[in-house]
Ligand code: URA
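Below sits a lone chain in structure tokens, taken as the form predicted on its own.
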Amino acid sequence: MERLDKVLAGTGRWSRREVKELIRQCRVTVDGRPAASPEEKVDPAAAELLVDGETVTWEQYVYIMLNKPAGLLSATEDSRQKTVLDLLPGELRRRGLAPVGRLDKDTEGLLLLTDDGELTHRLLSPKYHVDKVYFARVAGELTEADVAAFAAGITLGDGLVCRPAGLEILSADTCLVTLQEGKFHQVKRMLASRGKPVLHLKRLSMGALQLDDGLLPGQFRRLTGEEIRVLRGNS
């Protein structure tokens, strides 16, 4: 059971103050009767909630798939630069969504935004072995020696030890990189350590979740119920 004002404000459509005013004006009904007070306790999953006669759909968590464009920060806010949340409407921004992991400012591709903290932890923790797959274009020619080095695990110049990773050569200068961790600039640093600096990087998948080919850079959509179910199962 949750406070009514918390449930309605949690949709992102109204602030707590606005909800209290709606209730005071008798514009909110609970199971067909006017709401008694902002503090009234309701079961958000079972109660019929209406505002001005319109049904309010309650969601415990929201899951957004974004095709991140280059030029935006993977952050919830920044005083000087635009973030991926600036692509969302106010209703979703007010939900408290956060990126699951980070993509560099110039990196594109799949970015999951959610307020499900438990799923976020399971997707990012190396101990759960969730694959993250990236497409990379590099300067230089990729070789089987690079594949072997990735498989063995690379130690970077600053002493950072990277776990064994997958490197699949697609052409002389393009490849797929598969990681189960996500250290700072990791894909770029691993390839640079092999003398193959990255020119373009795009994340294609995270666990069972694959980037929707129909999403242009900057576009987003909610995950389907099946995608959420499979993603939770994979994590």
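Note that residue numbering begins at 1 and tracks the sequence as displayed. None of these values were measured; they are calculated from a predicted model.
Missing here is the form predicted together with ligand URA; even so, the following discussion is about that form.
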Is there a heavy atom of residue 67 no more than 4.5 Å from a heavy atom of ligand URA in the predicted bound form?
-> no
Taking heavy atoms and a 4.5 Å cut-off, does residue 104 contact ligand URA in the predicted bound form?
-> yes
Can any non-hydrogen atom of residue 150 be found within 4.5 angstroms of ligand URA in the predicted bound form?
-> no
Is residue 35 one of the residues lying within 4.5 Å of ligand URA in the predicted bound form, judged by heavy atom distances?
-> no
Residue stretch of 46 to 54, 22 to 30, 180 to 188, 166 to 174 approaching ligand URA in the predicted bound form, non-hydrogen atom distance within 4.5 Å | 180 to 188
Which residues within 123 to 139 place at least one heavy atom within 4.5 Å of ligand URA in the predicted bound form?
-> 134
